[in-house]
Each structure stands twice: as structure tokens, then as C-alpha cells.
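A single chain comes next, written as C-alpha cells; it is the form predicted on its own.
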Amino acid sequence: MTHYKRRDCIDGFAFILPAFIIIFTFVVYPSLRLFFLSFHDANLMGGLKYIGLKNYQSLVASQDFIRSFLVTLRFMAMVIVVQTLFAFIGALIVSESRRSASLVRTIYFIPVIISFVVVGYLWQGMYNHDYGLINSLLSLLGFKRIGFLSDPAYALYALTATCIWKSWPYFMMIFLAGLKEIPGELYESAMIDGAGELRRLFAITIPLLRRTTLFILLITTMDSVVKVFTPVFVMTSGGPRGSTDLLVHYAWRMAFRFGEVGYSSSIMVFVFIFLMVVSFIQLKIGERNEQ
């Protein structure tokens, strides 16, 4: 290796070293540590005892875990379907409004840049049974007030609506980027052939957005399982009666309220494996549709 090639390698490693240190410190090492702790009886006081697969056996036998997993599945299904649909429809509407497109995008995107803590407290106030805006409007219209966050029948739907309101504009922007990549000539040819709007939508727009949709589904799936701790913690703390106790909140509760760090780690390992399986299935379905 010449002096110049050796110098280029050293320079290259020097540039990637800070990123490598950050990724290893905050991603790789915590992940390996989590997997390690899942095979131990660990607690917050530093106690550590190898117990093999007992944490995973307790996981399967736990009614609380099964309930939390089923709640997570319901939440994930609602978010994936409704949020993706809202984002797609919003992108179609914004792409058609040429004059005010920039203003509309800015207004729609405001919820995305607001902290989830702020959003959680904002919607918690709006859902309030006694003085919340939504219940005040319902009362004004002659309807009965609803305990959005205090009634197990409504709490998960209220939490889901808040999370969708916060995140769907981000995915709308991704759909907009995908729409811009579709050649306008295809629509012009279809119009000349007499294809109506619905025909163009299902024959051109949706098929050519398949890769964009797959990407959005993958990200939405991961977000709906992992990045939901803050709204749950702020708005409901997993209640009422466990109706919003999603897996990430359940894992946090077992670790920091009951001190069962090893058991909590096994929950998050399960979450990781579950997401890998779901993502693999989504990718395989996407590849099949491409053929």
C-alpha cells in the first residue's frame, strides 16, 4: 500500500470514528447489554444472576404481558391503516392545490415539529371529561360527555388519534415526494385514452407508489411499537385498567417500578424479534408485488 493510499485510509477512518463511537455507545452496546440481561435475574441495585430462559418462560405465562401484547397489536393495526390512509389522501389533496401548496404543507407539518410531551398534555386537556374542548362541544350539541382517557372502552382510541394527529403529516410529505417522481406524461396519456380520475389513481398512482408505501409501512410499524412510550406515559400511564399499557410502557413499568430489569429486557428482546418478523413479512410481500 502506497503512502497516499495509507493516508487516505487513515483520513477515512478518522472521519467515521466519531459516528462509529456514537452508534456503538448508544445503539450497539445497549442492544447487546439488553440481550445479555434478558438471561439474568437483574435488578436496579446491581444484582445479577444467570437464570437462562426463565424470563422468557415467565413472559409466555404472564397474563399482563399477553394483554399488553394484544393492546399493542390493536394499536399498531389502527395506526398503520388510518395513518397511512390519511397521509396518502393528504398528499393527493396537497399535490392538487398548486397555489397554496407551500402554505398547506407548512400548516399540516406543524404537529410533527411539536414535542410529543407537549402534544400529550395538549390532547389530555382536550379530552378532559369536565372542561375539555371535545366534551364541551359534545355537551353543547346535546350529547353525553365521554371519559376519553378514563374509560377503557375509549382510552386506546383516544391515544391512537393523538399519535396519528402528531405523525401523519410527516408521512404525507414522503408520499408527496413519491408523487413528484411519477412522470406527468403517464397521466396525460391516460387522459387521452379516456381514463377517469379513479382509473388513473388505481392504474398509475397506487402501483407506482408501491415502494414508497412499503417504506412508510415499515417505518410506521416500528414507530407504532417502539416510539409510543411518551404519549402513553404523559396521557394515561398505561391505564385505565391496562387498556393502553403498550409493550414499551409495560417494559418500563416492570424495570423502573418493580425493579425487574432482566424480565423487562426479555420484553424488549421480544419486541425486537417481533418487529424483525413483521418487517421481513412486509418486505417479502412487497417483493412479491414487484414481480
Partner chain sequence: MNNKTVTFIRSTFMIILIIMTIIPIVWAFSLAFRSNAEIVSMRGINRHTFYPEHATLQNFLRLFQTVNVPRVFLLTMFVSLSVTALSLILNSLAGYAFARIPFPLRSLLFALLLATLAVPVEILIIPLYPQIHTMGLMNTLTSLIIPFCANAFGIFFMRQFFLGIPRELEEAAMIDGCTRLRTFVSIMIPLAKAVLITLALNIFLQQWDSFLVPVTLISSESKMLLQVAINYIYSGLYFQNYGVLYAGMVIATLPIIIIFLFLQRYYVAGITSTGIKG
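Rigid core (definition): largest C-alpha set, two forms, superposition within 1.5 Å. Note that the structure is predicted; figures quoted are calculated from it, not measured. Residue numbers count along the first chain shown, from 1.
Only in words, not in the display: the form predicted together with the partner chain, which the text now covers.
- Task: Determine whether any heavy atom of residue 30 comes within 4.5 Å of a heavy atom of the partner chain in the predicted bound form, and answer yes or no.
- Result: The answer is yes: residue 30 has a heavy atom within 4.5 Å of the partner chain.
- Query: Should residue 226 be counted as a contact of the partner chain in the predicted bound form, where contact means heavy atoms within 4.5 Å?
  - Reply: Residue 226 belongs to the contact set for the partner chain.
- Mark residue 288 yes when one of its heavy atoms lies within 4.5 Å of a heavy atom of the partner chain in the predicted bound form, and no otherwise. Answer no; every heavy atom of residue 288 is more than 4.5 Å from the partner chain in the predicted bound form.
- Item | Interface membership of residue 274, the partner chain in the predicted bound form, 4.5 Å heavy atom rule | No.
- Answer range among 86 to 94, 182 to 190, 69 to 77, 152 to 160 for contact with the partner chain, defined in the predicted bound form as heavy atoms within 4.5 Å: Heavy atoms within 4.5 Å of the partner chain in the predicted bound form occur in 86 to 94.
- Message: Using a 4.5 Å heavy atom cutoff, which residues in 162 to 198 contact the partner chain in the predicted bound form? It's fine if the answer is none.
- Response: Contacts from 162 to 198: 165, 168, 170, 173, 174, 177, 178, 181, 197, 198.
- Message: Quick check on residue 13: with the core superposed, does its CA move 2 angstroms or more between the shown form and the other one?
- Response: Yes, the C-alpha moves 2 Å or more.
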